[in-house]
Ligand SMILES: Cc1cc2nc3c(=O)[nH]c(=O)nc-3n(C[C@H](O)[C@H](O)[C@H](O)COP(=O)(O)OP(=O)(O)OC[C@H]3O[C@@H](n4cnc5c(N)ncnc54)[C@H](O)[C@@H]3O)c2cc1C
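Below you will find one chain, with nothing else, as structure tokens; this is the form predicted alone, and questions on how it binds or moves follow later.
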Amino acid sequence: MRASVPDILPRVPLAPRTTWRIGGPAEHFAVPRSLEEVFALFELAASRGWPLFFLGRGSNILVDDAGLPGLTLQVGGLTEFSRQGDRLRAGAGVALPRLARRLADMGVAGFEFLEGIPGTVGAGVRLNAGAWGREIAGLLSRVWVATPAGRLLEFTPAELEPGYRSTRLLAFPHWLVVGAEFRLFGEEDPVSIRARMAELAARRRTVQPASPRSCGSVFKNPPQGPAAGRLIDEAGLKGRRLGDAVVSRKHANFILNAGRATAAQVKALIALIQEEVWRRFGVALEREVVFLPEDLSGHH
């Protein structure tokens, strides 16, 4: 039996669904709550010739002012959470901080670094999210990915070829991570795990802007060093402003929406930063933030 297609809503505003609070509407928008519904939506999009876009918690992306054509799927409905022995399965829509907190309550250590990462399991796996020298790939045992051809693929962490803020999944933007299985190994007292999480959160607050209206880090750190934020700072760009898009004075690798910033203003500020850092230091800063739809056009 074919799954029914979940409600498809027209012209849904995306700005409130992104951490930057920027961008136009989705032409069509749906929230699948199961793998069957994901495949039903893939099939529908293919039959209508709609491009597909995926949205988690809306961090790490910049939606164009004109919005997104085709169909945008919000994976927030995929919230499976089940533990069997030393394995835990989580749906793509589970927020990483929530995963860390629930495991802390169960007395499972090793996931504390996820507390301050604003994304979901799905996006975290795709990008190999990390903080404080730890990466999500180091916690995984298996990952499940749905493809527009209607197949469910399973990968081990090694098959994902994880690197710094990258996996081979980035080459397949129309594959959707639907769930992941994590290895649980560090049994510990929940109180001491929570204390470490609080300490990491406090450290994060001292180095990163308090404003939630950012996308997280804008640029990847260059492999040869120094860090992107330091280069931007040394180029004298802290506090640089275009419209309401502003380089944070606290951490230069963050761009804040100080009011009603547009995607065009953010893009212009990003280009200005890249140009200035290249001119001063000969370093080509690579974006970590994904521009939608343009970064995905040309991929099928």
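Keep in mind it's a predicted model, so treat the numbers as computed, not measured. Don't overthink the numbering: it's just position in the shown sequence, from 1.
From this point on, the text means the form predicted in complex with the named molecule, which you will not see here.
Inset, instruction - Counting only non-hydrogen atoms, choose the one of 182-190, 81-89, 99-107, 201-209 that falls within 4.5 Å of the named molecule in the model of the complex. - result: Of the stretches listed, the one contacting the partner is 201-209.
Inset, instruction - Would you mind picking the one in 26, 231, 30, 61 that has a heavy atom within 4.5 Å of the named molecule in the model of the complex? - result: By the 4.5 Å criterion, the partner-contacting residue is 61.
Legend entry - Heavy atom within 4.5 Å of the named molecule in the model of the complex - residue from 118, 222, 77, 162: Of the candidates 118, 222, 77, 162, 118 is the one lying within 4.5 Å of the named molecule in the model of the complex.
Inset, instruction - May I ask you to state whether residue 290 is within 4.5 Å of the named molecule in the model of the complex, using heavy atom distances? - result: Close contact exists here: in the model of the complex, residue 290 approaches the named molecule to within 4.5 Å, heavy atoms only.
Inset, instruction - Please run the contact check for residue 130 against the named molecule in the model of the complex: heavy atoms, 4.5 angstroms, yes or no? - result: Because a heavy atom of residue 130 falls inside 4.5 Å of the named molecule in the model of the complex, the answer is yes.
Legend entry - 4.5 angstroms heavy atom contact with the named molecule in the model of the complex for residue 155: Output for residue 155 is no: heavy atoms all beyond 4.5 Å of the named molecule.
Legend entry - residue 55, heavy atom within 4.5 angstroms of the named molecule in the model of the complex: Residue 55 belongs to the contact set for the named molecule.
Legend entry - in the model of the complex, residues of 208-239 near the named molecule [heavy atom within 4.5 Å]: Read in sequence order, the residues that approach the named molecule (within 4.5 Å, in the model of the complex) are 208, 214, 215, 216.
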